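Quick setup: the structure tokens below cover two forms of a single protein chain, split into structure 1 and structure 2.
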Structure 1
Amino acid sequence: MTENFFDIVAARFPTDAGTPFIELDSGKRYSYRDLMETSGRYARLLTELGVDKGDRVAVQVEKSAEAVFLYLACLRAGAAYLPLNTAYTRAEVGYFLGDAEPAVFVCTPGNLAGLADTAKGAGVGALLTLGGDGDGSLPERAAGLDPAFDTVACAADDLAAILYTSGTTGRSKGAMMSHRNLSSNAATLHRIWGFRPDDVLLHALPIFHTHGLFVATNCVLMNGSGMLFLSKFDADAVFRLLPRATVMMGVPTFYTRLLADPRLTSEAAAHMRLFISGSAPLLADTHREFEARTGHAILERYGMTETGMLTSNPLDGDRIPGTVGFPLPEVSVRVADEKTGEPVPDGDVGVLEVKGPNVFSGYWRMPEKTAQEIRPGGWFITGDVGRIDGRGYVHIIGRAKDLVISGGFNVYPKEVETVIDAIPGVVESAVIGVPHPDFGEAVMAVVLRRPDGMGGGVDETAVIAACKEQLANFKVPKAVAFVDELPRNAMGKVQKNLLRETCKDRFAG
């Protein structure tokens, strides 16, 4: 029996193919028939272009219904879907294409001229375009093709997608996700969050990330129901659509923005069944305020690119502010000593390690990195520091790795530091995350200039300009401070905890 994730969800699609699947903010609707036909045509085109089972299809496009159909077409063709953040610069895209060697790369029509040479240099077989309005050479070339397509049979372990995470050493790692990884997680989330046939999901997340793609979209596909699809989070649109939605999934920033709006009331949320939050810590205060204003206790869950979702607060039962809930039914979570890897006594703090059918098989072409992060027994070392309380709720306390999460996006300081350190006149930099009322954390750079007068020309504007040139916007520091010395410990390591403390009020108030 084929275990292609597409076959698993298609078996659950509504019998009435006219059932709405996606409705855009413009009002334009796409049914399950559109899903089947367009994904069939796209899959046929990919196959005609020579895409074989296991080949990568890299995609850097705006959010659209067609982009979802392209994801499904890749699954149907047995290819590995490789979505890229739309904020990535040409240099960053060049790295991903060179590393993943995709058979096909799909970019926006507007980026075609700028990326054609990059794609050619990386040996990409075919370059197509897809615009935010469903325009471009992909839909044009697929338009005349037969929509009937026999989905390629896949085994549970076959590669379904590669999602790149930012690398702590500046090099990104491609997390290889199998069909089993996707289907086990989607089936579990669909069940424990109590999806109903008439649920309508309000989808305002990006779809190049596990949250918007594998959590939100896959749950809807499992449910065979519809979603209201916003190209990005927009409070006006959210308030307009809440009366028609029943479930919303968001990053904490969505909830703080809604809370800042006087339109957030229990009446506005009266039609809603469930608000879910994840990708970054939801402040306990936000949780409490949201409940006081709307009567809804936000359900917080925790997961990561490499594993899909790992824990969730209960649908029925206490959703405890500041916790990420219980391990999912098929997932084992243990707390281990960071150095020895031995489990710590019950209730103690340590690094969270996880195991389950949702956990990825390894990093694309990086066996050493994979071996460093997945123990021989299959336990994946998340890098998150936490504890499990007496009732079994998991608490995330911090991150062993030096990750900053700004507005739900991961930024690895090392990558930003490398850019800043290369600026003439800069001796060294330390990039940290500081509390920010809107983004949760903001990227901030602490910079040491050359003392001999050679560093005089380096100011905040110069640092930000250098970062903007080379890095995606969400990685660019929102503030820069200059110091005469970086604090270091006895081993010569910069003590970022001290910097975080000194800079913690930079965005306060």
Structure 2
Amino acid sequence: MTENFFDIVAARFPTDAGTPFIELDSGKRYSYRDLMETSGRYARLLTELGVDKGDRVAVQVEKSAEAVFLYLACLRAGAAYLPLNTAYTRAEVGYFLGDAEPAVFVCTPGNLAGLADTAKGAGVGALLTLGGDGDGSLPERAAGLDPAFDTVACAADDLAAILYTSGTTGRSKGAMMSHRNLSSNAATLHRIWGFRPDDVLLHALPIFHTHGLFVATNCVLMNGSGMLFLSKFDADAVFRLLPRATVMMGVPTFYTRLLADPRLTSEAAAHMRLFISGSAPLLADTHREFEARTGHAILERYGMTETGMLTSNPLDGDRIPGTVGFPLPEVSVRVADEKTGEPVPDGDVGVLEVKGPNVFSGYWRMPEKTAQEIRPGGWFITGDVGRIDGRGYVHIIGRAKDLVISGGFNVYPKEVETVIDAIPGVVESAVIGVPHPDFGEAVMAVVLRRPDGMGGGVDETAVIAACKEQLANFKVPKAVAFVDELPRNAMGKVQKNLLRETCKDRFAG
């Protein structure tokens, strides 16, 4: 029996093939019949271009229904889908193509001229285009092909996708995801988040990332239901569509933008069943304010490129602000000493490690790096620092690489950020370590104040004073900078590496 992820979700598709699958913000609709036929034509074209089982198909295109069908076509053809961030430059794309050696590369029509030589230099077999409006050589060449396509049989451990990590330190790594990784995570999330036959997902996320593709889209496929598919987050569009949706998945930035809009009321969210947040930490204040305004407690969960989702706050039960909930069913999470890998005492802080059917099989062509990150017992070292409290809730303290060692003392940025974020007039803070002649590293806070005049009283003296009241002196920032905006990646995570680079000379001679 094949364990191809496409076959698993296809068995759950509605019996009425005319059931809506995707509705664009333009109003254009695609049914499950369109899904089957278009993905079948695309899969047939891929095989005619020489794509064999296990070959890679690299894709850097705008969000569209056709891009989703291409993802499914790759699964059906037994190929490994390799989505690339649309913000990547030609040089970055060249690295990914050279590393993954895809049989086919699909880009936007507008980028064809600039990437043709790059693809040729990387030895890509075929170059196709796909535009945001569904135009391009891919749909044109597939248009006349037979939509009937027998999905290639795959084992659970066969490669289904490669997702490159952001590469904030060192060379980007390709996380290899198997059909089991995708199916186990989708089935678990579908179950624990209580998906119903009449659920409609409001989808405003990018689809080159785990969140928008393997969490949001795969849950809809597993449910055999529909989604309202926005090309990007737009508050006007969200408020227009909320009365027709029941579930929304977003990054914290989505929710802060909605909170800044007076249209966010309990009436506006009355039709919604569930709001889910991930990809970056959700501030506890955001959680509390959203619940006060709408009556909905945002469900925060935690995951990674290499593992899919690991934990989730409960659907029924306390969704505690500042935590990411419990380990998922069949997923084990432990807190370990970073150096020895030995579990730390209950409640202590350490590096989070995970084991389960969701954990990737390794890094593409990097066996040494894989061996460094996956312990012999199968535990993957997440690189996130955290603890598990007495009730079993997982708390994320920060990234291990963000740990500040000042004067020989360990400072976890999240602890300091929590104090600063609670200061009236502060929107958010990011705590980093910068070089210091005496301490090795000094704790520094970068603060975003409220723009409405409410943050005028917040200055460096006030921030340091608040920290001194609640924290040991070695944790108190030795400098505070104020910014109009914190740098973020496409999924809303604050890019502390950029802040460290910007502020590295703060204490220089």
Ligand code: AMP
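Take the two forms, find the largest set of C-alpha atoms that superpose within 1.5 Å, and that set is the rigid core. Values in this document were obtained by computation on a predicted structure and should not be read as measured data. For numbering, take structure 1's sequence and count from 1.
A.B. asks: Is the form predicted alone structure 1 or structure 2?
C.D. replies: The form predicted alone is the one given as structure 2; the other form is structure 1.
A.B. asks: Would you say residue 433 moves between structure 1 and structure 2, meaning its CA shifts by 2 Å or more once the core is fitted?
C.D. replies: Yes, the C-alpha moves 2 Å or more.
A.B. asks: Is residue 149 one of the residues whose C-alpha moves 2 Å or more between structure 1 and structure 2 after the core fit?
C.D. replies: No, shifts by less than 2 Å.
A.B. asks: Is there a C-alpha shift of 2 Å or more at residue 473 between structure 1 and structure 2 once the rigid core is superposed?
C.D. replies: Indeed, residue 473 is displaced by 2 Å or more.
A.B. asks: Quick one: CA shift at residue 423 between structure 1 and structure 2, core fit, Å?
C.D. replies: Its C-alpha moves by 37.8 Å once the cores are overlaid.
A.B. asks: By how many angstrom does residue 500 shift at its CA between structure 1 and structure 2 when the core is held fixed?
C.D. replies: Here the C-alpha difference is 7.0 Å.
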